[in-house]
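Each of two forms of one protein chain follows alone as structure tokens, named structure 1 and structure 2.
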Structure 1
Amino acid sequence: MKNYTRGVSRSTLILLRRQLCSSRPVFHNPVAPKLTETSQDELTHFNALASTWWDVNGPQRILHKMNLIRMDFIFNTVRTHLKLNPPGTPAEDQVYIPPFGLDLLPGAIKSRIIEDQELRRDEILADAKLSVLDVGCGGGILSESLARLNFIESVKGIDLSADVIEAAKLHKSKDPIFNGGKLTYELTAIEDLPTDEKYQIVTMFEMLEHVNYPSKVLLEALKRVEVGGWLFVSTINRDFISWFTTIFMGEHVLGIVPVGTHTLEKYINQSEIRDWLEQDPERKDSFQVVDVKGSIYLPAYGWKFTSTPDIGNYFMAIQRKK
């Protein structure tokens, strides 16, 4: 232990011990005094960050970088799960979907088939008018990106920190593309939104690890997903690697994230979300985890997807089947 910790302050060690030894039941929170409230000191922390939120070279640079793969994850998931030949498509309008691996075909034919499919995806998306609810939108990094996509009709960003919502609104006015009212922000908790307000896409990125009762928040989010729609979640597995990368290195050693951004006990393993979805037969019936990807931050490169969703940060796509 000693060798590894040379030069690290004592307080960091105490932090490590306290966090790893914490045996508080994390994910399943039996009784919640008030539903999805975020702890007060975290709110204060995010309020303080509001002014530098949009400085791409500032303290939130890593979040701006992460936004790139968030968008890739959403874009690719939505795009690859489109029904290219929805029932009722006349035979002559159907695109060819070979019943075997495309790699078996000669290059020219393969690229032609892919080109046809891509064109069809563009067509479908051009007509799709998706609505988005971005829960925990912060300064609006993801909300703005989503609102710029041509297949998204409206984006509502909600957060509990008044200052970041202000920062988000201010920044929105700096791009005339949002003048049409496509993008709105609201200082509200998700449970205060009417339950009959449904969205095709609900996103909760880097948010579950900041709330006190994640299962309640997840439940509220799922309630607002339309049939066929998506819930995109990203958070952090509760393991040593996560503590080492996000808290120890990220906050205390390299200082790429402001100290106090994370709390290890609040991290949630991806398997816990899967288990929780399957616990309730009705939930199990309506929702399906379609994709999970791990992700890692490489300094000087940025974020990269990994094939190990059980370690460190991860992204999850849950689709509502019915």
Structure 2
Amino acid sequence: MKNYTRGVSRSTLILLRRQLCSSRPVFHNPVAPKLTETSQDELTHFNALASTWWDVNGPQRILHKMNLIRMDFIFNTVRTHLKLNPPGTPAEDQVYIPPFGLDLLPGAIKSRIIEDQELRRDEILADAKLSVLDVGCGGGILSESLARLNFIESVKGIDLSADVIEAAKLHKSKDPIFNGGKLTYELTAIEDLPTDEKYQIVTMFEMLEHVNYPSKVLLEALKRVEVGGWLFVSTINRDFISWFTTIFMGEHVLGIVPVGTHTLEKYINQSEIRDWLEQDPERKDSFQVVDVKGSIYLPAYGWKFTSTPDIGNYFMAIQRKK
């Protein structure tokens, strides 16, 4: 077996073991100037990447590839959990939802029920006008994709890097579809947004692993989700596999991610977010984790979902119940 740790200093490996074995409290609550603030080194790092953010073959090519499954995760989650018969729907207009598994029905009947349900989902989405807040939007890769969906009414992308916000605005200006104000960008922190500003969808993708106070950022995000709305998160579990794939291989061996993009001790296990939601009775009563999917990057294929959300990268969907 090839030894991928050859060339890595002994002190680096010792430090890695200490980081992996530490019981660092990931969710803590110290006071910070900006909750979404990252270190000056990381901010400088992302500012330097601004000019190449939209180069699909450049330093951000992994994000461009990941955006495909980002969109799949958001779209499939929202579509699957639509209320097909919302309160007030006349009986004659209601779609049949059997109180048992469809597999118990004859094939032809099952197919007809599924077809009717899918048509109702199409009708609901055609009339939907959802608002989106993209926190840590970077150069706008996800923001632009969401703004192109016909059931999205508005998208606001926010970030603390002035250079990447300018890159996002510049790229947006090249497409006349955004001239009507459907997509906007602001150089601001989430805690500086009005507290009564609510959204049906809030996204924080590849962002939590770069901030100093993730629990505070999550709290601010949850405050801005409307009842019935969604918070979508993606980040990285803190384990050896994650270090090996994202930092050692991704940054130092394959060079598919710029060196300095990731810091192991800032990674957050998906179980820690679940536990954090459960710790507070009010959060537990108001929010629920609906879905979590692992994801992995295969150089010859791209990004794909996995059935192991406890290893490597993962996506999480949190819905506000009330």
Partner chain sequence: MVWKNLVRTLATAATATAAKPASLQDVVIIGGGPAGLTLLAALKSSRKTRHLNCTLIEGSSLQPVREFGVSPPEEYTNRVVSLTPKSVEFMQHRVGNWDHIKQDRIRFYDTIVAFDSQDKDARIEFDASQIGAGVLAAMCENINIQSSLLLKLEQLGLDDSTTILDETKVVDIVHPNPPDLDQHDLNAIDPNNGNPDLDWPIVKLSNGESIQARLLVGADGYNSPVRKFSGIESRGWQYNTFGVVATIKLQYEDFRSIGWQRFLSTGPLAILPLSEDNATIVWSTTPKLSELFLKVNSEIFPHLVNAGMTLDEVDLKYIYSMLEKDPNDFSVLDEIKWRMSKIDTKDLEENYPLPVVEVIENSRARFPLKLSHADTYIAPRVALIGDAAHTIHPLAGQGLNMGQSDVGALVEALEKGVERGLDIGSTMVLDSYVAAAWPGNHAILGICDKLHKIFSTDFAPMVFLRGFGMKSLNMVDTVKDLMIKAISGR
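Residue numbering: sequential along structure 1, first residue numbered 1. Everything quoted here is computed from the prediction, not taken from an experiment. We call the rigid core whatever largest set of C-alpha positions still superposes within 1.5 Å between the two forms.
Engineer: Given structures 1 and 2, which represents the form predicted in complex with its partner chain?
Structural biologist: Looking at both copies of the chain, structure 1 is the one that matches the description.
Engineer: Once the two forms are fit on the core, has Asp163 moved its CA by at least 2 Å between structure 1 and structure 2?
Structural biologist: Comparing the forms between structure 1 and structure 2, which are aligned on their rigid core, Asp163 does not shift its C-alpha by 2 Å or more.
Engineer: With both forms fit on the core, has Ile114 moved 2 Å or more by CA between structure 1 and structure 2?
Structural biologist: It does shift by 2 Å or more.
Engineer: If the rigid core is lined up, how many Å does the C-alpha atom of Tyr96 shift between structure 1 and structure 2?
Structural biologist: Rounded to one decimal, the shift is 2.9 Å.
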